[in-house]
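There is one chain below, alone, in structure tokens, taken in the form predicted on its own.
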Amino acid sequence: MKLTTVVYAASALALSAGFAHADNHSNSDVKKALMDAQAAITKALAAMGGDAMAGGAMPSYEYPSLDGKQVTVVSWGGAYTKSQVEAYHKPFIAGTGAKIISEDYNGGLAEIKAQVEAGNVTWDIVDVELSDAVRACDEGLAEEIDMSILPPAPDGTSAMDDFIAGTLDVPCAVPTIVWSTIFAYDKSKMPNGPKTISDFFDADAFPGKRGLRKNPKANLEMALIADGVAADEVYDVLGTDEGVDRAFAKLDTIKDMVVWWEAGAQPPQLLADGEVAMTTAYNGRIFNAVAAEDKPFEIVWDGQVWDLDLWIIPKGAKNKDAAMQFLAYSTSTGPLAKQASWISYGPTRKSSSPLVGSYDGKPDLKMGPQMPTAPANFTNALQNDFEFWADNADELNERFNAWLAS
């Protein structure tokens, strides 16, 4: 399966500045297309002052009647699920009469695979990372989606042309957001805090415990960047045995001071409780702690690893039809724009971008500069290579777990 995912653009201008589908291109062509697109986006956003989200009236939506229907929606919890509840769940319930059951998980395909193989699928729609979406489709764990059910943009542009180029190429998934793994610290406790990903690994200059997700993904990439590997060469290096050894060797330098986290809500709490001096986190979780709870946290964008999240419907979902209706609604222009007012993750539809202005309840807090792809934040960013992780996740998870136990 070929899929070119292109960075979220904060305006239609940026998205029209040279994106191309790469379904039939070689890997080198794909990488060049991505690099060209990223450069075009950065230039366009810089010309707009980094805040292309002007705000505007939300488009109307024709809700289906789903009285008595139920949809179990599974996501990552915390501030992220809250943004989905506000933008997706509440309007969908009010408009359709359906009932939504919200459940949390920590990612991966293990629970979905167990349900599908047991023939007892209790989840109807699940928020997953891109590499897991690709694997779920390849392994027959997710229902194929008829993309014609996705509503057009308010101006009539088809969904196929309204979503970021290439992101609808996984036949079992529809994307919602662009997000990043970053690291952050409490600036009230560390006024002269870290500035680069290398500082995260410098225990002499910046003493104290570190928080890391209990998963090799992003940790290995960040370790290599901190060890001097250029962002655009990370997966070439990580694709070798020597590169994997090098990444784990870098992680060894801080292993004894790591506090491991699994749920996205944990890193802000680790910082707030003073359990760590700095921690990796999902950028939206740190933003939420600052915006909603007035926490004195600072995001370090250097070495960020950015990715997509997407909806999939597990194979054999009991409420498949209602889940498809929820998927279509939640990935339409208005809901995607509304979610970006609650958390700093970029919507994957071009038509959503102009509708996002400020953080909900704080008109002076503009969301554009908070996005991973704002020019000031995007100078040393790495796209998660979904193909690499789809091919190597099992082996590297095994290596990571053995390393943890050693």
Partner chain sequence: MTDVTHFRDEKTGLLLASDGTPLKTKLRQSLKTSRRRAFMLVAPLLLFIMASFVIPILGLLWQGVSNATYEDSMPRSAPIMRAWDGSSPPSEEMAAAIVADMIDARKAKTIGKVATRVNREESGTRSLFTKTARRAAKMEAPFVAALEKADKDWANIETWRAIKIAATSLTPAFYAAAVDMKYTADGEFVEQSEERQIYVSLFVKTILVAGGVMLCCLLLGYPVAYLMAHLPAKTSNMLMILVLLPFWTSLLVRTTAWIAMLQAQGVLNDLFVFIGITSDDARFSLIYNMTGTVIAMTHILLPFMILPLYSVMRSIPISHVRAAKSLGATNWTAFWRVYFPATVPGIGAGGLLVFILAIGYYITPALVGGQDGQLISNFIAYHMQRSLNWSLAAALGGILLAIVLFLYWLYDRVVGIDNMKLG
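Positions refer to the first chain, counted from 1. What you see is a predicted model; the values in this text were computed from it and never measured.
Only in words, not in the display: the form predicted in complex with its partner chain, which the text now covers.
J.: Work out which of the listed stretches, 331-339, 196-204, 151-159, 269-277, brings a heavy atom within 4.5 angstroms of its partner chain in the predicted complex.
T.: Selected stretch: 269-277.
J.: So, 144, 214 and 255: all three within 4.5 Å of its partner chain in the predicted complex by heavy atoms, or not?
T.: Yes: 144, 214 and 255 each sit within 4.5 Å of its partner chain in the predicted complex.
J.: From the list 291, 226, 137, 300, which entry has a heavy atom within 4.5 Å of its partner chain in the predicted complex?
T.: None of the others qualify; the residue that does is 137.
J.: Work out which of 236, 103, 321, 262 lies within 4.5 Å of its partner chain in the predicted complex, going by heavy atoms.
T.: None of the other options qualify; the answer is 262.
J.: If we define contact as a non-hydrogen atom of the residue within 4.5 angstroms of the partner, is residue 384 a contact of its partner chain in the predicted complex?
T.: Residue 384: no, not in contact with its partner chain in the predicted complex.
J.: If we define contact as a non-hydrogen atom of the residue within 4.5 angstroms of the partner, is residue 107 a contact of its partner chain in the predicted complex?
T.: Yes, residue 107 lies within 4.5 Å of its partner chain in the predicted complex.
J.: Any chance residue 113 has a heavy atom within 4.5 Å of its partner chain in the predicted complex?
T.: Yes, residue 113 sits close enough to its partner chain in the predicted complex that at least one of its heavy atoms falls within 4.5 Å.
J.: May I ask you to check whether residue 232 falls inside a 4.5 Å heavy atom distance of its partner chain in the predicted complex?
T.: It does not: once its partner chain is placed as it appears in the predicted complex, residue 232 has no heavy atom within 4.5 Å of it.
J.: Scan 304-320 and note down the residues that get a heavy atom within 4.5 Å of its partner chain in the predicted complex; none is a fine answer too.
T.: Nothing in this stretch is in contact.
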